[in-house]
Every structure is written in C-alpha cells, then in structure tokens.
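What follows is a single chain, given as structure tokens, in the form predicted alone.
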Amino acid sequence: MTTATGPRVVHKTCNLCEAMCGLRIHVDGGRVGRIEPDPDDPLSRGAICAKAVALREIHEDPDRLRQPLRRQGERFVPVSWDSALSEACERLGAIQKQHGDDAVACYLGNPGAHSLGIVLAVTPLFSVLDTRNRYSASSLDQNPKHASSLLLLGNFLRIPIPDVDRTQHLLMLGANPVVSGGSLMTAPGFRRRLEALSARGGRFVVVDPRRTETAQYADEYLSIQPGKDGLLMAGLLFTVLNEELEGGTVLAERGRGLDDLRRALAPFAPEEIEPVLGIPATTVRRLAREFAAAPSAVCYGRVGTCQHPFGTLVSWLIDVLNLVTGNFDRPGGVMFPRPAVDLAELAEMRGRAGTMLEGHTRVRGAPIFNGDAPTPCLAEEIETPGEGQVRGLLSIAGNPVLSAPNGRRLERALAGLECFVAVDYYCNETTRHAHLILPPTGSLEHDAYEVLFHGFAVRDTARYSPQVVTPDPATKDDFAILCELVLGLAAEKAQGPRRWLWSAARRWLPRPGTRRILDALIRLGPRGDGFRPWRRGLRLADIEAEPSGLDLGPLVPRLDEVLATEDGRIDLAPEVMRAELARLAHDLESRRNTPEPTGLVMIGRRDVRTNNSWLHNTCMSTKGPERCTLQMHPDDARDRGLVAGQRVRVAGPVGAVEAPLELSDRLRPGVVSLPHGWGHGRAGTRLALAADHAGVSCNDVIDDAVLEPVVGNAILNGVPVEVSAVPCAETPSAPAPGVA
C-alpha cells in the first residue's frame, strides 16, 4: 500500500552496488516514476548506470514476497507475522537446546551490507545465536583484504582506499571499476575519474587476464595468467627494495621489519620469476621504477587478486608496496576515510577490531577468520554427523547456492536441514529450500544510510535517504524482523545460566528504530557533537538538510588516528606473510621444474547491468543480448573446432554446465570467462523473468574442497576446465555473439 500524494522528487542513494550513486526519483500518487541521476551529489556528481532503473522494477515486481511463507510439503502458504516469527524462534531455539549452539548456522549475503537495518541488528543477532557456524559472502570475496588490514593496521575494517582523484599513477590488478563502480573503493563514475587522471598527465596501468572495460582506458595493459599476481607483486617489491627506491615518512617513523621483508623477498628477483610469470623482467623492473618515481602513486587490487590460492598474500603485498614507496596515508596514494559513522572506530571501542584465527571448522579444519567460517564448508557441516553438526540455518539476504562453489552440493545439503529460516523478499535458488521465508520491505519503502560504504569512499560525504513510498502497514522492514528474532531467540534461550540473555536483548534492542540509532552513532562519531550542544559537530538533522548529500571534503592523512596495533608500529613482515612468501617461493620452484599446463582455466566477470544474482528478475538486467556466455579467445576456439554462438560444455572439478560460446580477443589465450550470479533454472523458485533468462552458474563447476589457506577464502578464479562442443542437430544460422 502506498500513500497518494502529488508529484514530488525524492533524493535517494542507489543501494544496488557499492558506488552509492545519488538519484532523483520522481513519485506521483504514491507510484514510482522516472529515476534520474542527481548532479548535485558530491560523490557521484551525476553518475548513474542502468541498474538504477531496477529499483522501480524490484519495488513493483509481482514475484517479490510481501508476507511470510511457510513450507507445506512442496509448496509455500502465507502465514501471519506473529506465527512465522514465533515458529522461527521456537524451531531454531529447540535445535540449539537439544544439540548445542553450533547446531544452528547463519549466513549473511551481500545485500545485507547495503541495509542500515541489517548492519545495526546483525551483531546482537550473532551474539544471541552464539554459534561458531557463521558464514557470509565475505569468505567468497573480500576476506583477504580484511586480513591485510588487520595484519598491518590492527583493524580489519581499516581498508586503505586509493585516492584516485589526486593520484598521478594508478596501478590496478584484478579489478573492473568502470563496470562495478569500485569494490572496497566506492568510486561512482569511474570512467570520468580515469579521464581526469589522463587530463592531469597521470598514468594508468592495468594488469588482468582480460582486457576489461576499465582496461580500455589504460595507458598500458599487461596480460597475466590467473593466479600469478603474487609473483608480480613480489617482483615489484623486490625491485623497489633491491634498488633502494623505498622511502616516505610512514616507513621511516612507523614501519618495522624491513630487513625481514628483504630476506623474504629474496627469491623473487624479476629475472628469476620471468619464466613462470610470463612478463619480461625488464617490464617488471620498469613498472616498479615508474611507480616509485611518480609524484604520487597507488596500487589497487580487488576480486581477481582475492579469489585465488594466494589471495591474502597479494592483498598484503599491494598494501606494502603502497607503504614502502611513500604512498601510504598521503594525497594521491592510499588514504583512510573519515565518515560520519566510523564502524572501524566502533569495532575498536567494543574490542572487536578483528582476529586472524578463531579456531577451525569441525569437518575439514579450515581456518575461521574473524568469526567468519568459509562458506564452501557449509555443505559438509550440514552433511557430516556428529557433535556440532549443522541442523538449522538462518540466512539473511543471501543466495549461496549460486554464489558459493559447488552449488549443487549445497542445495542438496539444504534440503536435509531440520529448520531453515530465510530473511529475503525472493523465493530464490537458496530460499526455495527454507521452511519459513520472512520478507522485508524493499529499499524504496524505508529510510537508508550507506553506513558501511561511506567508510570505503574516495571522498568523505554523508547522505541520508528518506523512504520514497509508504509501505503497507502489514509489512516489516529488515531491522524490525531481525529485532524480533533477537528477542524471540533470547527468550527461547533465557533459561538457567542463560537468563541474562533475555534482559541483555531487551537492553540491546529497546526498539528506538534505525533513525534514532543512526543519529546517536553520528553524534558519537568522529565528526559528531558528542551530545554536547555547545560543541560544533554533525547530527542527523545536518545531513538531512542536504538532500543531495553533505560534502565533507577530500580524504586527509589520519594514520595516527587509525593505526591500532599494540606497539603503534606497522609490521612489514608478519610471520604469517613470511610463511606465505615461502609457500609462493616453493610454488615458483615447482613451476620452474614442471611444464606449464596447456589446458584452459576459467575466470569470472561482471556486467554493468547486474550485481551477483539478485537483480536478474528485472527487465533491466535481462533485456538485450544474452549475457551468460562463455567467452573464449578465437585462437583457443579454432584449436578446438568451436565457432561463435555454438553451445559448449564447460566441465570443471565438480560438474559441468552448458553455455553459448562468445569469441573475444580481449581474453588472454588459455583463459575462458563465465559470469557469476546466473543459473536460475532450478525448480521451485518464484522468479519468472529470471527463469526465462536462466543462464548457468559458474559455481556448479568449481570445487568447494579447495580454499586459500590463510583465511579460507573461496578460490573462484583460475579454475581448470575443459571446453567441448555440445552435439546439436544443426549449426545456428546466425552464430552470434561474435568476436568482442
């Protein structure tokens, strides 16, 4: 239900990816109309992409759930909120009473990071559940970056952010921000930022197995084999230190362990790594010299550098290269935002700045990083009997059947749970196995503040988004749902020695609503008034007064504020990373003495119209040419007798899928690419449009048994595959798509 009003324009932040583009949404009579960019937004400055239109489509989607559903046999039936919430707490609580806290797992998906309600309520929810079986999309994506920040700075949320608007030299690995808008670097309108870099005489270098949309703007593009980023970064650092190109105030005043770092890098002289890396030693040395000599420089790596066997090491090497060249905490290098709400500061105040290792998983002994167990371990924890076996699951805004390796195995495991409760407004490939689905309101139906991504932005801003339309009174937003679960689970567990849980939950969640909590966090934040009226400082009202967003200025040096190590120094060679360098050296030696494999390896990719799996039930993301194609270099296709448009079989370690073949000379020979987030052909979902454009899931061929060893991150890139023709009755008359 919406409230009928006259025509008006509502300023809103797009929450469909990390870019945080400012929007102007036209509303008339309670109906959402035109969505256009906000040119006055101080961060996005009028930038927008096709995804913004999906906000209206999601709001109006007839497949979006608007009341709770309970499974009855093979079908779902509507139930009341009181009944659904009561049953969810009773069933999950009963499992924990009988089998222990770890018998209930929880999973937090990517969209949760964009929801103020989820960000505020998930910590008390985790505290009440008190389970070691916590999983999230972070272990499929970014935990190596968090680990590097924890090792260097003492806080897993202190991600160094590239100051792209002032740098003179940008070196980028495994990232495509022209499409993504940045990842752990909120930078909307990235194409224009690259054009500005070029206009001021800067240099842009891209290293990637695929000449991405971002690489089209590069002054230099280097093709690299998937998974070889560690060798390149080690070679760059070796050159900087061996040729004494290091320097900078941070290194001199804050760094320690430089000699240990030199020794650990000894095996990685560019001439030694050249035969395996495949990039000439002269090029590696030139890149290092140019980077060190630039007036300002920054190295940035993202998904492609995280999702392979040396993901944590590469993330750390990137940060260390920025540090030893004097580009740490300085304009044009990497810097640290000062957002209105600083979650990293709050984590430090609560003693939760992060832990590298919090034990190991029950079945295979995989590392649990900062309380986050590797999502690829979830299926085996459900399947394997014994003490601590997962029997119940609470999933929040997630679809791991499509986003985690070996999704077929996971969906089989989910079907065997005693109780599965999903907080989601779609019956998707994962939630179709739930016993209860609790759907929250959509993003246009409640206020919003991107509390997480303001902390990763390339410029300090603050923007509060009011609701665009009034929700039906019978619905609940995600904050209300999670608060009810916290209180209900606390009541279920508040017996005997756990009586404190109920009273603690009541103190945690007095139900003031997200608005009052947000105002308190702003006032207590680094820019707030501290609840002292005589002190000048931010309040929520100040941010609301600027509907297009409040410009808080460019990033400024603040290492003294953010460095949280025990001795106030930065360890350049922590033991865990020295061990990883030794493992990389062993891998280098093994490859030097072994012929290079001649088969194909697979990487992922992303389209500007999509973001993981959760937008594919919209016309915006599915219209036009088919996007779920296997891209292959024309030479590789010719060697296998394959032609564009032909259906091919992609076989990996745990399964095979079929997809149309698209030829692309942007790919490195020997590398194929299949986008992630597709695979909507599963029975039992309620995603009509997505099912008509199902595509296939690249994760159905990726092995869940292989993990990065430091933090247990999933390995989703550089996966060995075989590609062959699918026999068919006739060859397509129009073999599109052709060469890209």
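In case it trips you up, residue 1 is the first one in the sequence shown, and so on. Please read these numbers as outputs of a predicted model, since none were measured by experiment.
Not pictured, yet referred to below: the form predicted in complex with a small molecule.
Figure note: of the listed segments 169 to 177, 88 to 96, 549 to 557, 586 to 594, the one touching the small molecule in the predicted complex, with heavy atoms no more than 4.5 Å away, is 169 to 177.
The partner is absent here, but in the predicted complex a heavy atom of 440, alone among 162, 270, 440, 455, sits within 4.5 Å of the small molecule. Among 291, 336, 107, 420, the residue placing a heavy atom within 4.5 Å of the small molecule in the predicted complex is 107. Contact with the small molecule in the predicted complex holds for all three of 141, 608 and 699, each having a heavy atom within 4.5 Å. Using a 4.5 angstroms limit between non-hydrogen atoms, residue 210 touches the small molecule in the predicted complex. For residue 111, a non-hydrogen atom is located within 4.5 Å of the small molecule in the predicted complex, even though that partner is not displayed. Contact annotation for residue 308: at least one heavy atom lies within 4.5 Å of the small molecule in the predicted complex.
The closest non-hydrogen atom of residue 238 lies beyond 4.5 Å of the small molecule in the predicted complex.
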